[in-house]
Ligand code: MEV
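In structure tokens, the next block holds one chain alone, the form predicted alone.
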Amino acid sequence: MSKIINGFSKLNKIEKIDWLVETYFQNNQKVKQVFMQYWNSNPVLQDLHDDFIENTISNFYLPLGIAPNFVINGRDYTIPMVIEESSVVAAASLVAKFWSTRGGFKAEVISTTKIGQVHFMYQGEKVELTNYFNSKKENFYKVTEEITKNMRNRGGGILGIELRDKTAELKNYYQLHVTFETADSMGANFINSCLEAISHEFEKDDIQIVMSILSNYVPECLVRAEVTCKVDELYAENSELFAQKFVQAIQIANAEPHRAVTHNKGVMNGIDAVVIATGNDFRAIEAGAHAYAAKSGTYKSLTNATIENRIFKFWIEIPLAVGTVGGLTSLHPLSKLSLNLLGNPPAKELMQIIAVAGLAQNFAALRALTTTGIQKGHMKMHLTNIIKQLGASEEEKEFLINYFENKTITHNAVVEAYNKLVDEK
């Protein structure tokens, strides 16, 4: 049976599912029921979700949790987090409480400049191209006046336009490098609209425009978050050894890219969870963050730590291009509530909150790795997932949780304990 179909997008949702079930699931009606059971019972909400993307057949739910007790710049926050990984929200909450009694987190936005580029090919003399660019530069602002009007009223707009010679990297390749301020919006559509207007104004016979597009690498849209305390206040059992191993763990991540990738993945556990909860683009954030981690030419840690005069300092500097207006932030009801939970912050404040979430998550991971080991806490949280997979009753669940209180948790061990329990019954 051919799996090629014409006009699929014109089918309604039920017809799409019927085709899918018949073509890929041997017409198993239980599969159809699974797709349909995740539809929202509120038809207005479901229509909203259906319009987010194309060819929607169902909803794929992720848990929305909250991490309370964050103190950032002296203000209390409860941070929303959307993530499926066990222990992330618990770890963030524990670290938030830990630092709330040690001065909390300090955060500041260093800069908010975003970038877009017009990429083009030119085979002529560079001096002629430069003269042409200079003659057109004022027109670039004029042809984008209508696009930038509202943004300028909010304090944003085009900050600068420069011609960049990239022929050393690629023959005949140049670009118009444009910087933007987009206020409280992420600004992707705004930036791309400006770039296309500029490219139409700039293009001529000997200038071949290849593409006009924003960049998700925004090293000048930067935020810093940090925590500090006396070394003696860090860890009850042996603060000095803990602080030393903690700093060494980051030094290892800076020396070894294999470790740095996993190290930064832990940072992004916290960052992505808040980015998703607030309706922002986690793929753009991820790409920009990892590019920033490799800005030296070697992939390194996004976080750093020092011990000076018996004071422990732990911080992160990371590019975060986020928005609090427009896009899903205005459409998704839970994104709206998440932003409301945070006090409806402007984009700069949201940058600080997200950076703090990443720093907290990294602190939790490094604390576990350099003390008890990462698996003890992680597998304890994972235990409940294994128990659910086995279909255990509440009574069996309680027994298994107590049984593994002081035992090593593995999937096989849990299955064996469960089967033994069932057999004994």
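We number the residues from 1 along the sequence you see. All values reported here derive from a predicted model rather than from experimental measurement.
Beyond what is shown, the protein has a form predicted in complex with this ligand; the following relates to that form.
- Candidate site formed by V247, I250 and K300: none of these residues places a non-hydrogen atom within 4.5 angstroms of this ligand in the predicted bound form.
- Heavy atoms within 4.5 Å of this ligand in the predicted bound form belong, among the stretches 363-371, 61-69, 387-395, 29-37, to residues of 363-371.
- The single contact residue among R283, K126, K142, K265, judged by any heavy atom lying within 4.5 Å of this ligand in the predicted bound form, is K265.
- The listed set K106, R259, K348, K336 contains one residue whose heavy atoms approach this ligand in the predicted bound form to within 4.5 Å, identified as R259.
- Contact between N269 and this ligand in the predicted bound form is found at the 4.5 Å heavy atom cutoff.
- Although the partner is absent here, E203 is not a contact residue: none of its heavy atoms lies within 4.5 angstroms of this ligand in the predicted bound form.
- Put simply, E162 is far from this ligand in the predicted bound form: not one heavy atom of it is within 4.5 Å.
- Although the partner is absent here, E85 is a contact residue: one of its heavy atoms lies within 4.5 angstroms of this ligand in the predicted bound form.
- Of all the residues from 51-69, none has a non-hydrogen atom no more than 4.5 Å from this ligand in the predicted bound form.
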